[in-house]
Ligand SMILES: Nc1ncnc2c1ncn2[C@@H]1O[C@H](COP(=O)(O)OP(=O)(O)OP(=O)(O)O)[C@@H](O)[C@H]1O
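Only one chain comes next, encoded as structure tokens, the form predicted alone.
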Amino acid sequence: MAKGQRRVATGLPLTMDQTNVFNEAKAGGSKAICFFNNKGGVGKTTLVANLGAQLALDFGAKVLLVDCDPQCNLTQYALGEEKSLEIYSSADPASVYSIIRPLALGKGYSSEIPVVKPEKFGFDLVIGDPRLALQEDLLAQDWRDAKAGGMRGLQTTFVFLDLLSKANKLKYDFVLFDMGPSLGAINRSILLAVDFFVVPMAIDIFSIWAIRNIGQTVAVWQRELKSGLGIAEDPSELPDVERREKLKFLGYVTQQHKERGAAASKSGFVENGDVGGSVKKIVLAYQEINKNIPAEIKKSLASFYDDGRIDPHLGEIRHLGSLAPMSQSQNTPLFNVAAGGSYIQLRKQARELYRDIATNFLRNLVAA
């Protein structure tokens, strides 16, 4: 990479403890982490982009983000409307679709990772592609073959594992996947390839159900894959297949509920404007859900982590007013938004928030 190509974040210097935990976390080669919740609207893309930027800009990591959501929100956030329009005006942009397409044509794995470099985020990016949804059928059909031990099916299933092998050779410290909100074939291939998964979640009953779905479904996929590998003709031909039995849960990030029409007191009751008690009930209901999240995490995901070694709650994303839309319009991390007035305090809060999440993220990587 050319000198000066990456912008350096200003603000909080790393503590000695943060420097040490970062060095420990990056030891031993590239780590692959996906951010997944089969419920939408949980702040997943904002979390992935800003955590990736924090790791790249402040910690100095070499980070690759892969946009595997056909909606391409991560790509638009990182590159901006003008650059995105330029890219998607092409008939065949180099994207995540380019990684899977050769398999559909019977040509094997792609020869390289198609990377672009967002100007302000510090990480490298494999851009998203709406055509990725067209490959769901390929991956679904070949999964049946993979479960039966077929080499063609296993090769297709491990398309993202091959990407990670290439990323490791390119010395990426972290590869982060942004995924769409589904339990479909594309996300299955990602979850069966990565080392860890993080669950971004809202404090609502639907996120609780999503946690249950993830725990049950991924466990079934792992058993089916293990069975297929056990009867495969020559699994040694597949990329780095041994590491696939080690998928671990790294933690969850909650998105703070924003009360509307009234202010919640410290006790959870609502002051001023509690019309008919409806707002009070909503706040208390969210408090009850929030209180039960750790138990639900342990119940549904206990087989994926050791709760004696890690604290799975990586942090809480607070509402930061209009900082998020400002960040999107400037195509820059929340903690680097260029604006004065009230944004100075909001930017400071965002910097502290994502520094804490990044530190907890690294600590869990080390402990796991």
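For every residue, the number given is its place in the sequence shown, counted from 1. None of these values were measured; they are calculated from a predicted model.
The same protein also exists as the form predicted together with the ligand; that form is not shown, yet it is the one meant from here on.
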item	value
Residue stretch of 53-61, 38-46, 336-344, 301-309 approaching the ligand in the predicted bound form, non-hydrogen atom distance within 4.5 Å	38-46
4.5 Å heavy atom contact, G321 to the ligand in the predicted bound form	yes
4.5 angstroms heavy atom contact with the ligand in the predicted bound form for I33	no
Partner proximity in the predicted bound form: N331 to the ligand, non-hydrogen atom cutoff 4.5 Å	no
Partner proximity in the predicted bound form: S84 to the ligand, non-hydrogen atom cutoff 4.5 Å	no
The ligand in the predicted bound form: contacted by all of S95, T157 and P239, heavy atom 4.5 Å	no
Of S110, Q76, Q255, Q222, the one that lies within 4.5 Å of the ligand in the predicted bound form (heavy atoms)	Q255
G228, G153, P181, G80 - the one with a heavy atom within 4.5 Å of the ligand in the predicted bound form	P181
Residues in 63-80 with any heavy atom within 4.5 Å of the ligand in the predicted bound form	D69, Q71, N73
